[in-house]
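Take a look at this one chain, the form predicted alone, written out in structure tokens.
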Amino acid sequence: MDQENFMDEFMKAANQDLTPKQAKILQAAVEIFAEKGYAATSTSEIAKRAGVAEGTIFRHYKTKKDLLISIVSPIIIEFAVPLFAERFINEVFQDQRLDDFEDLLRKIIRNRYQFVKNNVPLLKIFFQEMAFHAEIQEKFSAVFTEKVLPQFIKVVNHFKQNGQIGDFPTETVIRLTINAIVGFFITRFLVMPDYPWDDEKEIEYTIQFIRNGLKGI
């Protein structure tokens, strides 16, 4: 991965003006958190890689936890919200060619595939640390519940009504769809990144797996 392009993506996601030192601190933290995990990383290591004094870190971030949250927050905003953001849904339903569950799945996966591919170190941190930090869990839950879930319910009900999804509880459809899509990304980029995957085929297999499983009897 081109490190410059990766950091450009991250800075864009962060949606904030960073000083040069903050940018160096964040880049160093992302690299070391991804390599060693949050718990095994010291602020002195981050400072050394960033080329700043350790005290500089604490002028920008009160604690190491604040530094972690500053990295994870934009991931949640960029990864979760666009999945079923209002603008995305409106665009989908305005395009009659995409008024098909399979086409919708394809558009979602391809859209998020590029984001994941460009931000593997960030997402590695997110998935590693979410289980251990209540702040990350709460932030993700809040964003998902407020921004993503209502749109997801709207979409699922639409395709249930036109017969493209079987008579399953809406929440079950959401769970199964998310599990399949996120599972594809985790396996492809985190668990088995060096396996010679054919990404185009794997995306289509994932779509067919979800589509066929949710058709019902």
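A residue's number is simply how far along the shown sequence it sits, counting from 1. Please read these numbers as outputs of a predicted model, since none were measured by experiment.
Just so it is clear, the following notes concern the form predicted in complex with the DNA, a form of the same protein that is not shown.
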Of Thr170, Gln151, Thr43, Ser70, the one that lies within 4.5 Å of the DNA in the model of the complex (heavy atoms): Thr43
Check each of Arg188, Arg49, His60, Lys160 and return the one that places a heavy atom within 4.5 angstroms of the DNA in the model of the complex. His60
Where does the DNA sit in the model of the complex: which of 60-68, 172-180, 188-196, 152-160, heavy atoms within 4.5 Å? 60-68
So in the model of the complex, does Glu35 come within 4.5 Å of the DNA, heavy atom to heavy atom? no
Check Thr56 for me: does it contact the DNA in the model of the complex (non-hydrogen atoms, 4.5 angstroms)? yes
4.5 Å heavy atom contact, Thr19 and the DNA in the model of the complex: yes
